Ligand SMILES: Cc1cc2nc3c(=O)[nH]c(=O)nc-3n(C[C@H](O)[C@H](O)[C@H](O)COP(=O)(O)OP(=O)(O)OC[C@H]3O[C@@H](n4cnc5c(N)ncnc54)[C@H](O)[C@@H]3O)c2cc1C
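We begin with a single chain expressed as structure tokens, specifically the form predicted alone.
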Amino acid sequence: MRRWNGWGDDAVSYGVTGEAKAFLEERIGPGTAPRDVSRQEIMAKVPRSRLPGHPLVHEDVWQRVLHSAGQSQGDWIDIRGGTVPAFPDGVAYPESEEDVRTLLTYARQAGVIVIPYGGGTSVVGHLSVPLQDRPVLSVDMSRMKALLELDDTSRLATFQAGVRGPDLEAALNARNYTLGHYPQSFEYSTLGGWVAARSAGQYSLRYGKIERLFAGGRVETPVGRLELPALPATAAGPDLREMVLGSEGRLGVITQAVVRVQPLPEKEVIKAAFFPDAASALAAVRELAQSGLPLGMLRLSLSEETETTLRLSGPNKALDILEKWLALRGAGEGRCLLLYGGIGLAGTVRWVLGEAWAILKKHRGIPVGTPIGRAWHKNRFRLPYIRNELWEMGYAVDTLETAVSWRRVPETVRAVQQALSEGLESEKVHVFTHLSHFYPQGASIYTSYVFRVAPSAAETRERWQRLKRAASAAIVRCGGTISHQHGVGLDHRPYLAAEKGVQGLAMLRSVCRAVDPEEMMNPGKLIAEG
């Protein structure tokens, strides 16, 4: 069963070792387990629904709790501490586009706010319920999950937008196809959510981010249906798909998505290499990204993350031998771990990995084969579970990400890590970074940080907000995007103007008003009203 106040299935754990706990205690001090509110306590805080009755709308208190938050650090603090500021007044589970249309008509006539709900995995506040006089309806798309059409000739698949990652891949794999989109939230996130938040998958180097995969679809808006034809290319004015991509529920409810699919790969191999320092590792991945080689994936853990990964894996004789061998090869303190993979035809995979190694060798790469890559692949969707166990030990874990040009990668990493490390005057923060999405012009930077949970939810929230503000300001100073793959939501909204400008924000507002004149669709997310 899925956890109501944490990540994932309650039968799955990450398995934090005693050595891992000791590592965190050494870095930031011992944690104190917080007192989380119970299911009964949180239910007692849910007020009476303000919605007018409707056969498609459910006012069940527990369902309203389950749809009151996502997976951002702020959401965790609220749901665990019992400080959720507001709850939806009802939840609807449409089974067709006609149901969605009916719900939007009902909401518009009754003055109801609508929050589209996919897999509930947002980490930037997309699902926060606004504190307004108007009642709020959560529209859960989980029952709209069918594969509607697969065009083998054009390699286009049409899905209902509520389909989750595993179900989407299972339907395609049965026909020998794949979408190849694997965000870390893959097990629970939905196709509609990927489109709405401009998601990136772990194999984006091979398949692209969701904007390259999204060919068209349908959106039910408050004023009518928006059709997005799945054309191979068009010069007929601005591309309306780009308005839907990253729209975060502000334009309406995405009901269908047409995606570009590819045949299942014949072979998939992920290898690992270490580098003695960040400078040589960054030079290597930059050359790979600019080489044009058809690699499947790259993931570079910088020194702090490499060290953290090794320490969290617990005591291991093979690991001890590896570390001694690496030290002899010149990769001791400061070493960085690179995963690089080939995906596709067997011959192509062999060739591309050979070409990649020739580049890595030039930059002092040290090969360690496939065991680390196989372990990463096996556990790649399990890492978020560590949040549950660390929270119960008294530690909060959060992440943030950006993308910058290659020239600015080193300074941005330093600025973000320094902002977080020094963000709390009387508390230590453990910070580590990897690069996970690569382009000829630059790369994404994904930073994680761990800090101690405070005695009260309010104080924990204050700690998190101070860290988030400091890191976000550093990103803006360095000229990075405030979000490479998680969207804007509430958490990143204050920094969007630095990227879009005053005129750009005005254009976004005008698009929203064109299809949502009453501002009933997920208000406050992405851009402020007004």
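Remember, predicted model here, so these are calculated numbers, not experimental data. Numbers follow the displayed sequence, beginning with 1.
The form predicted together with this ligand is left out here; the points below concern that form.
Novice: Only one of T447, T460, S189, S204 comes within 4.5 Å of this ligand in the predicted complex by heavy atoms, so just point that one out.
Specialist: The option sitting close enough to the partner is S189.
Novice: Among Q417, N388, S301, Q71, which has at least one heavy atom within 4.5 Å of this ligand in the predicted complex?
Specialist: Looking at Q417, N388, S301, Q71 one by one, just Q71 meets the 4.5 Å heavy-atom criterion.
Novice: May I ask you to state whether D78 is within 4.5 Å of this ligand in the predicted complex, using heavy atom distances?
Specialist: It does not: once this ligand is placed as it appears in the predicted complex, D78 has no heavy atom within 4.5 Å of it.
Novice: Any of the heavy atoms of E248 lying within 4.5 Å of this ligand in the predicted complex?
Specialist: So E248 counts as contacting this ligand.
Novice: Check whether K468 has any heavy atom within 4.5 Å of a heavy atom of this ligand in the predicted complex, and answer yes or no.
Specialist: The answer is no: K468 has no heavy atom within 4.5 Å of this ligand.
Novice: Examine Q184 and determine whether its closest non-hydrogen atom to this ligand in the predicted complex is within 4.5 angstroms.
Specialist: The answer is yes: Q184 has a heavy atom within 4.5 Å of this ligand.
Novice: Using a 4.5 Å heavy atom cut-off, indicate which stretch of 36-44, 485-493, 471-479, 56-64 touches this ligand in the predicted complex.
Specialist: Result of the contact check: 485-493.
Novice: Given this ligand in the predicted complex, answer whether the residues Y117, T121 and A196 all have a heavy atom inside 4.5 Å of it.
Specialist: Per the other structure, all of Y117, T121 and A196 touch this ligand.
Novice: For the heavy atom contacts within 4.5 Å of this ligand in the predicted complex, list the residues of 127-159 involved, in sequence order.
Specialist: Sequence-ordered list: L127, M141.
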